[in-house]
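Before any questions on binding or motion, here is one chain by itself as structure tokens, the form predicted alone.
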Amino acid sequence: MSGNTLTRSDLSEAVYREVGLSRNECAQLVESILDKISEALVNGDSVKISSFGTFTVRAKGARMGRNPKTGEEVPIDPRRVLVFRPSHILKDRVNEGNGT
């Protein structure tokens, strides 16, 4: 793995080592999975991965914000934000430090 960030190529390499498909097929598989997840989120659907967590899209309304540098009030447009809620299994595993 490259440093402290897990990348697409790291995922592809892990699938290659575990499954034994060609590297190209593994890269396509990872891309396909990420595309399906992205598609579902763009459509406003939730994505639940058992023992990992749930990705949802939440609508945030318009509001007034403040520029911290100038103190000037600035309108913030309504938008959709991505929210991730980890499963209790993932939370426990992270808190344990994965045995390290």
Partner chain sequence: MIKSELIQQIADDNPHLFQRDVERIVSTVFDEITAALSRGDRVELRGFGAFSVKTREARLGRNPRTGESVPVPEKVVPFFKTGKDLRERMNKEPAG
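Positions refer to the first chain, counted from 1. Everything numeric here is computed off the predicted structure, so don't read it as measured data.
Just so you know, the form predicted together with the partner chain exists too; it's not on screen, but the next bit is about it.
Contact test in the predicted complex: Ser32 vs the partner chain, heavy atoms, 4.5 Å: Although the partner chain is absent here, Ser32 would touch it in the predicted complex, with heavy atoms inside 4.5 Å.
Lys36, heavy atom within 4.5 angstroms of the partner chain in the predicted complex: Taking the distances in the predicted complex, the answer for Lys36 is yes, it comes within 4.5 Å of the partner chain.
In the predicted complex, Asn67 touching the partner chain (heavy atom, 4.5 Å): It does not: once the partner chain is placed as it appears in the predicted complex, Asn67 has no heavy atom within 4.5 Å of it.
is_contact(Ile76, the partner chain) in the predicted complex, heavy atom dist at most 4.5 Å: No.
Those residues of 32 to 56 which, in the predicted complex, come within 4.5 Å of the partner chain by heavy atom: Ser32, Ile33, Leu34, Lys36, Ile37, Ser38, Glu39, Ala40, Leu41, Val42, Asn43, Ser46, Val47, Lys48, Ile49, Ser50, Phe52, Phe55, in sequence order.
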